[in-house]
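Consider the single chain below, provided in structure tokens and representing the form predicted alone.
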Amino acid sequence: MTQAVKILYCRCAYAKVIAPEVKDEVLQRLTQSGVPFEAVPDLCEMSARRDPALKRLAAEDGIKITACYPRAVRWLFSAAQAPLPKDTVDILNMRVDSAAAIAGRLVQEHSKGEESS
């Protein structure tokens, strides 16, 4: 039995490096889809205070992280002593990709995971 894809959505509340309309649309599409996800206010802030939740999230098998540049996200987790696995994490970049593309991919991959279970 395959476990459903775990999705982490970063609101990027403090750094403000992601366009507000992209963040809002991704969040709205995820919410409307009914796909389970976890939202955090800001991964940068969590990393700075070494939030223990990052270790829990890093241990999630097959997690999809919706945030910014993959290299930056990996660095944030590493700086918090919660390194992400190399092969089982997918980081979607809201600074580069459209909200429709990101949300569509997350919803589609979640649906595939449910069909396998």
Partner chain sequence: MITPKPPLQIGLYQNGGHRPLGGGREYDLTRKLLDKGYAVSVIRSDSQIGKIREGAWLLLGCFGKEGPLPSVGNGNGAKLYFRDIDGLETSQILEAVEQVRGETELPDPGGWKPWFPVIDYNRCTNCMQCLSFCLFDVYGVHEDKIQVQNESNCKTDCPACSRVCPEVAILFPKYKSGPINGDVVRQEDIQREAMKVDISALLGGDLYGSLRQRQTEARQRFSTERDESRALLERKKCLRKLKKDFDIPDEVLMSLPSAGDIQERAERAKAKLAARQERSQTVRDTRPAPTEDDWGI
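Residue numbers count along the first chain shown, from 1. Everything numeric in this text was worked out from a predicted model, so none of it was measured.
The next section is about a form of this same protein that is not shown, the form predicted in complex with the partner chain.
Does the partner chain come within 4.5 Å of a heavy atom in each of D90, A103 and L106 in the predicted complex? So, no: the whole triplet misses the partner chain.
Taking heavy atoms only, is C12 within 4.5 angstroms of the partner chain in the predicted complex? Heavy-atom contact with the partner chain at 4.5 Å: present for C12.
Going by a heavy atom distance of 4.5 Å, is A19 a contact of the partner chain in the predicted complex? A19: no, not in contact with the partner chain in the predicted complex.
G34 near the partner chain in the predicted complex, any heavy atom under 4.5 Å? Result yes; G34 sits at the interface with the partner chain in the predicted complex.
So, in the predicted complex, is P85 in contact with the partner chain at a 4.5 angstroms heavy atom limit? Flag for P85 set to no.
Within 71-85, which residues come within 4.5 Å of the partner chain in the predicted complex, counting heavy atoms only? Residues within 4.5 Å: R71, A72, W75, L76.
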